[in-house]
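Shown below, as structure tokens, is a lone chain in the form predicted on its own; questions about how it binds or moves come after it.
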């Protein structure tokens, strides 16, 4: 197991390099550049002025040279300066990392808990009303885009039934105590996190149902029941644990989609995370900020895949990585 984890960690660097190379090239080949994005259409600048501004930003150099220069600075811990805000990139994105992690983390926990519970209920009550109802709800959750649910939530909870906040991650009330601020933050998180988790809840429900039905029909489940074990032990120790394997796989593979959905949800609910910043970086051709955000999200996704492999070995002791080699 230890040797396998070391090999996976060693793969992180080339994978990150490949991701950053592709992103850097695509961003620089897109029409426009930071100079034309930053200047006002009313500014009457000559081409000589534009070229001088490009040289000042280093945009006159070939793309491979600029990428190597970015990597060299990255190794030293320097993420560069934002073309748009003129501030260090690390100071620009750091305050927005925790809000995004909070939103996606709560959405991930919700999707796992609710998806597994719904899938288990659907499997245990196969072909019942609850099975059909949960199957229909899962299909609806997979078929309708996340932003549509977000807009519907804004209509309901922002106007028709305003019981939950629909803007930002905290109220503008400085008189709240520490406990009050935590509760206020949770109230602001409930709606966007729930909307963000819908797609993954639907996916987990379908896979949990299928996996649970397969496990409950296995020989070792019948053997456990023939030994006189209670249904709680048969279901919890032998059934659910093995049914979680496909859920771990699907969750780790769909984490990039969860982060992508967070971009939309953060814009819909004015959540102060990395989503709006990513959109602004693309709009303003702010390459340093864009590359830093890509590096962060790529690292998070790769780390989640590694965590999935560790959970595999924990959930199913039969899995042994590296020992066979």
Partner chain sequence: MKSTKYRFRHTLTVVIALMMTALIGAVACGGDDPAPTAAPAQVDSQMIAEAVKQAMESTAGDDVSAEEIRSMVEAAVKASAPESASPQEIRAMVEEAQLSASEIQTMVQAAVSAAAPDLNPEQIQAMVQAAVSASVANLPAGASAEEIQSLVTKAVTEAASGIDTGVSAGEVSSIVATAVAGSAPPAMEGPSGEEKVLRISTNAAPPNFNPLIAVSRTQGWVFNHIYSSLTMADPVGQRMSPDLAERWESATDGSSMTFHLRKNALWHDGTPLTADDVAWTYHMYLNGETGSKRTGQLALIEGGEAYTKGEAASVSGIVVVDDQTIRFDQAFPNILFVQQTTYPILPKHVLGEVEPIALAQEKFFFDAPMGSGPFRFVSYVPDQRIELEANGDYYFGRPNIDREVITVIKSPDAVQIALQRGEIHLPIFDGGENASTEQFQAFIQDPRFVVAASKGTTLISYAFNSRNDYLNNDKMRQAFLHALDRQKLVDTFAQGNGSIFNSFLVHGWYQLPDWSEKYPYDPEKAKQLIAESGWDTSREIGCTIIAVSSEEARAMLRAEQQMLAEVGIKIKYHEVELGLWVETFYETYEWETIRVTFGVFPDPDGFLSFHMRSGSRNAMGYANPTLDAKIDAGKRSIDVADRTSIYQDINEEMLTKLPLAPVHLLNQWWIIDKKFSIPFFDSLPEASNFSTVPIGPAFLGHSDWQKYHIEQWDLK
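Positions refer to the first chain, counted from 1. What you see is a predicted model, and the numbers here were worked out from it, not measured in a lab.
Another form exists, predicted together with its partner chain; not displayed. Remarks below refer to it.
When its partner chain is placed as it is in the predicted bound form, which of 241-249, 213-221, 195-203, 163-171 ends up with heavy atoms within 4.5 Å of it? Selected range: 163-171.
Exercise. Report the residue, out of 120, 78, 85, 135, that has at least one non-hydrogen atom within 4.5 angstroms of its partner chain in the predicted bound form.
Key: For this set of options, the contacting one is 85.
Checklist entry - Looking at 112, 142, 151, 124, which has any heavy atom no more than 4.5 Å from its partner chain in the predicted bound form? => result The option sitting close enough to the partner is 151.
(request) Look at the candidate spot formed by 157, 268 and 272 and say whether its partner chain comes within 4.5 Å of a heavy atom in all three of them in the predicted bound form. (result) Heavy-atom distance to its partner chain in the predicted bound form: all three under 4.5 Å.
Next on the checklist: I'd like to check something about residue 66: if you look in the predicted bound form, is any of its heavy atoms closer than or equal to 4.5 Å to a heavy atom of its partner chain?
Outcome noted: No, residue 66 is distant from the partner.
ask   = Heavy atom to heavy atom, is residue 284 within 4.5 Å of its partner chain in the predicted bound form?
value = Although its partner chain is absent here, residue 284 would touch it in the predicted bound form, with heavy atoms inside 4.5 Å.
- Item | in the predicted bound form, residue 96 touching its partner chain (heavy atom, 4.5 Å) | Looking in the predicted bound form, residue contacts with its partner chain include residue 96, since a heavy atom lies within 4.5 Å.
Does any heavy atom of residue 276 come within 4.5 Å of a heavy atom of its partner chain in the predicted bound form? Yes - in the predicted bound form, heavy atoms of residue 276 and its partner chain come within 4.5 Å of each other.
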